[in-house]
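Only one chain is shown below, in C-alpha cells, and it's the form predicted on its own.
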C-alpha cells in the first residue's frame, strides 16, 4: 500500500491532509476530534495580539450557494479571527501538541503590520511546541478594514517586510497564506520568497456576497437587517485555486517554492489534482464543515488506492502535471477532435442538440425517432455536448489521426504547430 506519510518544509505528518485555519480548528476539543478522525495536521484558527478579544457577530455567520440537490457548493463566511483569549489558545495548543507529537500543528497569526506586534506574538507562541506558523495575509473581511489580512496580502512590499520580521524573530518554519483577491498571485508569492518564507499556502477566501434577501433587501447572512461582504470558499472556488497554485508552481521566480493547496478540496481526487499541480499537501475547511471530520477517511483511502493503481509514490504525484500547463499560444493548433455519440448509451434527452443548435455550431442533427448524430462538417470540437450530457461517456471526443482530413476545413491534420508559428499570426509571418 502506498505510503502517505508527508514531510512538508520539514514538518512531518502521517498524511498530507491538514485542516485549514477556520472555525473547525478554533479550540482544543475540535482539534483533538480531528486528530482522532485521522487528519494529518491542523492549522489552528488565527490568533491575534493579546488584549481585548476580537468581537464576532452574534447572528448568522455563513451564507451559502446550493446546487440543485442542496449540496453545498460554496460558503460565505463573515466570521473574524478567534475571539477566544490568546492565553487560552496557547495553553490548548501546547496540550494538544504534547498529546499528538506525530501530527502537524501550525499556528495561524494575524496582528497589526508593525515590527513590535509581530515580535511580541512570536515570543508568546515560542514554547507551545507548534511545528510552524502561517501568516494570514488573506482574510478579506473585518480584519482587512483594520489594515490586516488581505490588506497586507495585496501589497507585495508588506508581505516581504512582515515575512522578514517573522524569520528574524522566530525559529519556526513560516508559511505565508496568500489572498486570491489580487490580479496576479505570482507577485505576492515572489515577495514571500524574497522575505524568506519557507512555503506559501493558497487560496484564502474570495471576497464575495453570495445572495441577497429579496424581502429585507440586504446581503445574506443578514445581521439586524444589514449584511456585509465576506470570504467565499468551498467546491466552487476550486478552479480558481488550482489555477493560482499552478501559476506559482510554473513561474520561474517561484518554482520550487513549497505550496500548501487550499480551496474546495472535498475528495481525494481534488487533493490529487492540487498535488499534481505542485502542492506538497492540502488544507481542508468547507468539506469538514459540511460532512464532519471523518470525511478525511475517504480522502486517505481514495489517495491510497489511486497511488497503488498507478504504482506511484506520493512524491511522484507532486508537480507531475506542471510541465503540461502551458500558455494558450503554446497549444497545438493542428490537434483536431470530433464529437462521437454512443447511440446505445444515449437516453434521447436532447440536451446536446439544444446546446449545440442554440448556442454553438449546429453540429448535432436530430433525426427521426430522436436519434442525435454529429455533423462532422460543422463540429469544431468545442466539447460543450460532452459537458451538458447527463450520461457519462455517452459523448466522447475522437482524435483525428495524422494526415486525416478535417471535414469542416478540408485540411489534413498536420504536425504540431502553435500560434507562434501559425500563418494567421502576423508576427509569425513577419518573422519568416
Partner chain sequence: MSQATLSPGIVPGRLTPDELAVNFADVAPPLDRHEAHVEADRCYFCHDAPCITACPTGIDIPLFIRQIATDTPDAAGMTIFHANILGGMCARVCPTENLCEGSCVRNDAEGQPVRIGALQRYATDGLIADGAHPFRRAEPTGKRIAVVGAGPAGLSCAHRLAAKGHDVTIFDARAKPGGLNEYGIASYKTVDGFAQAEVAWLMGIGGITMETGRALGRDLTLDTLRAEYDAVFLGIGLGAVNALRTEGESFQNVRDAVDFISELRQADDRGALPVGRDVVVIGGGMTAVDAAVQAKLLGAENVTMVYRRSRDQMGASEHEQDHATSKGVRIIHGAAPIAVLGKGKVEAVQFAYTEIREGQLHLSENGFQLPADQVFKAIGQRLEAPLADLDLAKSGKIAVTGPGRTSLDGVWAGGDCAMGGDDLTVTAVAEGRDAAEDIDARLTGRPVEIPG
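Numbering follows the first chain given and starts at 1. Not measured: the values here are computed from a predicted model.
Keep in mind the form predicted in complex with the partner chain is missing from the figure; the text below concerns it.
- Out of the listed residues 333, 347, 209, 216, 347 is the one that sits within 4.5 Å of the partner chain in the predicted complex by at least one heavy atom.
- Between the options 165, 293, 353, 268, the residue in contact with the partner chain in the predicted complex by a heavy atom within 4.5 angstroms is 353.
- Residue contact with the partner chain in the predicted complex: residue 370 places a heavy atom within 4.5 Å of it.
- Put simply, residue 366 is close to the partner chain in the predicted complex: some heavy atom of it is within 4.5 Å.
- Remark: residue 393 does not count among the residues lining the partner chain in the predicted complex, judged by a heavy atom distance of 4.5 Å or less.
- The partner chain in the predicted complex is approached by residue 68, whose closest heavy atom lies within 4.5 angstroms of it.
- Residue heavy atoms within 4.5 Å of the partner chain in the predicted complex occur in exactly one stretch of 353 to 361, 221 to 229, 116 to 124, 269 to 277, and that stretch is 353 to 361.
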